[in-house]
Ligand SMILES: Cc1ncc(COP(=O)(O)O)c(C=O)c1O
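Single chain ahead, by itself, as structure tokens, in the form predicted alone.
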């Protein structure tokens, strides 16, 4: 019977053979942290990640089958590597088809998208939806996207959207993909937070809903080591792009991929092919029960992603950071908090008892007087120069208050959530300064 985990099997057998390791890495398999015996490099038989012809090709094909993709490629450097590759491929597609080297992108894009486009000299047209309420979400509708694409003087390379976003909001990818098909443009999706969505019934994964390309950070929601990610191509994606995928990834990737991370992705195939769907369904049931058992907090939950609990606690009298501190003192560590939101990420690796523990802890929060202030949101900033020109220009660091009227040089953002308040090349106005200060940012790098 063919192995479901060919990479894991190869490395295990190699380690058991007690070889004289005259290859990288330098620990030579001797335990320091513990996993060193399984930490190898691209030796004979282990295949080559971005020129896969053996066990890695086999493992990636298994992942593509599980996700309903035309092709799937592994990343040992997270979705950031996949995003860079997608921007690169969009530019190749524009040259191949005579389209504008431009991408329409949701304004809540991860900073990796921005820096990739800047360094590759790819033009960005930002999408600002009418109902945008905060920095981290971009609820673009099919109608708004249709209007934006119709206003272009010539066809563009691609549309780039983040779904689900950091707060757990999903956009209407089915409707948006139809608009992209109408305008014959690629739909690329940052699905970093939604790898598990494929295993719902029905699937809510971008590959199911009409995206041409998408990235999944497997490590964010699946039992995979940090850094493990997928770059998926739909069954209808242009063959020319698929043929260039490994080359696109290799342009930005390390030539020494972590085989521990790759084995983690390989082993995940076996987990996902097993009873993962059933475990996922049970976990979602427990998560929904938690909300029902918190009647005072239930109206404060945000988002429509099943495994992300996003709480907007100001109406209950707390900032997100205050609730995070409350939980941390009780041994519960959130994913993210800011003045407005608390983000908790659930997965089937968490037991029902642990979810009940979370519910009981949240139930002890004592309501306080609501906090009325809302987060500032920058208006459409003035673009003075391209992100590329700004990023590659001489810069200096200044206190935020001294930056009024100056041009941002480097995105000022923390990770998480890694969504820029302003884009490099944009002028810093009063609303931008208010927003930067609101999120605790004290300095900016601006053009000299």
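Positions refer to the first chain, counted from 1. Since the model is a prediction, treat every value here as computed from it, not as a measurement.
The same protein also exists as the form predicted together with the ligand; that form is not shown, yet it is the one meant from here on.
Residue heavy atoms within 4.5 Å of the ligand in the model of the complex occur in exactly one stretch of 78-86, 311-319, 284-292, 266-274, and that stretch is 78-86. Within 4.5 Å of some heavy atom of the ligand in the model of the complex lies at least one heavy atom of residue 217.
When the ligand is considered in the model of the complex, residue 193 lines it closely, a heavy atom lying within 4.5 Å.
Residue contact with the ligand in the model of the complex: residue 99 places no heavy atom within 4.5 Å of it.
Contact annotation: residue 185 falls outside 4.5 Å of the ligand in the model of the complex, judged by heavy atom distances. A heavy atom within 4.5 Å of the ligand in the model of the complex is found for one listed residue only; from 302, 205, 170, 110, this is 110. Of the residues 336, 166, 252, 93, just one reaches the ligand in the model of the complex with a heavy atom at 4.5 Å or closer; this is 166.
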